[in-house]
Ligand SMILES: Cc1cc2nc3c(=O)[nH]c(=O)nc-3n(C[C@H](O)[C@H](O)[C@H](O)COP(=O)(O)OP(=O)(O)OC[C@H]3O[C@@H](n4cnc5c(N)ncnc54)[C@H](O)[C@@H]3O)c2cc1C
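Next up is one chain by itself, shown in structure tokens, the form predicted alone.
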Amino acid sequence: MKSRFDVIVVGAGPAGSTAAYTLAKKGFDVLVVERGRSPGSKTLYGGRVYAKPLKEIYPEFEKKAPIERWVKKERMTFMAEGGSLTLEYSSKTSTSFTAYLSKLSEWMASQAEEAGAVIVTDVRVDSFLKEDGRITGVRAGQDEVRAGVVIDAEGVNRLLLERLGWVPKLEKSQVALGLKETYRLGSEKIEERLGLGKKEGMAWFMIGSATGNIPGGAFLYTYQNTVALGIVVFLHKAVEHAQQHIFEYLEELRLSPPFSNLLKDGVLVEYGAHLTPELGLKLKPPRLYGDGFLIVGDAAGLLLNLGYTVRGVDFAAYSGYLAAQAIEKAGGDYSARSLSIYEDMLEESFIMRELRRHVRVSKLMENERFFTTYPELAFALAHRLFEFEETSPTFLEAFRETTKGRVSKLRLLLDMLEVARGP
């Protein structure tokens, strides 16, 4: 392999592969270095992806990409020790789909290769090359490869940026730990047990006892023949509150109703764990550009957890797309001043609009009542309304009974106002 390229991309996830694809189509000589054995082999994600940004980047995306099911049904469940309360939404249309992130990443990498990019796998980049204050390439073991500009798409474990001194070491409060199991059931059982049509999918979120009341949440996604069940817990809260190994909480969730019945006869085909960024803009480096390099995807902190849905893959891919456009606009001048256009483009995009619009979400996620008191209240209220022997209470009576001694009316009102206010 030659020792110099126009652009080097570190990481073949959605951000890195999309940047490589876009640049290669424009005629740039691009090298992608991936530490996994294949593109996507190191990725782990719940399963849902929002489609519009990807359709803008990849021609005929809906026809060619490895889409499993289009999400037509959403569920949100408040779980308590005695039972649960579930809200369900269904639609004839859909803006998101489920996919194995490993397959989607591999497909994106294949598009980059077809466009002319060179992808090498099973190679770990140890450090950036730096000359006269400028990033000029990468070092992997004894090998050095140089380029006009480097794109850092290494993901949430930002070891290269830490060694560069660009970001501090990750703190437990900045990330969450996600665990996921995938079970093969067959398409007919999935559709029958969840009331889905052909190619229709479900995204299901749970909070409360699903994670042992540790702040975070649980999820279930449907693929064509498999179902993914997982939990995500804020790492610093897990360290403080976990009474057992985190895996045990996932196992308890799997054995609880309704998941024990849903997954009956299922065969475990995948298990994984992964750190994920949780604080959005608070995880974002002070600058996403420097002399000779740009930062994209999870390494840039571009993920939004709204509690009832998560956006990450579309943000990552689109940031790679914008980085490629910025490099083209730089016209060979890869100074920080010239590459700063990338952050300008990012600020004008839907990514930063969404992250800034929902910036208060991270504060809400720090409120433990949303993961302990309120799921229990939701179940207790439903229990009082639906399980009575002779006298049926009014809603107001049931509400007063269930909140008494659990939370003050003023505290409940203030918390609900906090949710309603948004940004």
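None of these values were measured; they are calculated from a predicted model. From 1 onward, residues are counted along the sequence shown.
What comes next is about the form predicted in complex with this ligand, which is not displayed.
**Student:** Within 4.5 Å of this ligand in the predicted bound form: all of 125, 232 and 303, by heavy atom?
**Tutor:** Yes: each residue has a heavy atom within 4.5 Å of the partner.
**Student:** Quick one: which of 190-198, 110-118, 290-298, 252-260 gets within 4.5 Å of this ligand in the predicted bound form, going by heavy atoms?
**Tutor:** Stretch with heavy atoms near the partner: 290-298.
**Student:** Even though this ligand is not shown here, does residue 46 get within 4.5 Å of it in the predicted bound form, heavy atoms only?
**Tutor:** Contact with this ligand, yes.
**Student:** I'd like to know whether residue 85 contacts this ligand in the predicted bound form, with contact meaning heavy atoms within 4.5 angstroms.
**Tutor:** Judged by the heavy-atom cut-off of 4.5 Å, residue 85 is well away from this ligand in the predicted bound form.
**Student:** Hey, in the predicted bound form, is residue 311 touching this ligand, heavy atoms inside 4.5 Å?
**Tutor:** Because a heavy atom of residue 311 falls inside 4.5 Å of this ligand in the predicted bound form, the answer is yes.
**Student:** In the predicted bound form, is there a heavy atom of this ligand that lies within 4.5 Å of any heavy atom of residue 33, even though the partner is absent here?
**Tutor:** Result yes; residue 33 sits at the interface with this ligand in the predicted bound form.
**Student:** Identify, from the list 212, 155, 266, 216, the residue with a heavy atom within 4.5 Å of this ligand in the predicted bound form.
**Tutor:** Contact residue from the list: 155.
**Student:** Can you pick the one in 167, 101, 336, 238 that has a heavy atom within 4.5 Å of this ligand in the predicted bound form?
**Tutor:** By the 4.5 Å heavy-atom cutoff, the listed residue in contact is 101.
**Student:** Only counting heavy atoms and a 4.5 Å limit, does any residue of 5-33 reach this ligand in the predicted bound form, and if so which ones?
**Tutor:** Read in sequence order, the residues that approach this ligand (within 4.5 Å, in the predicted bound form) are 10, 11, 12, 13, 14, 15, 16, 33.
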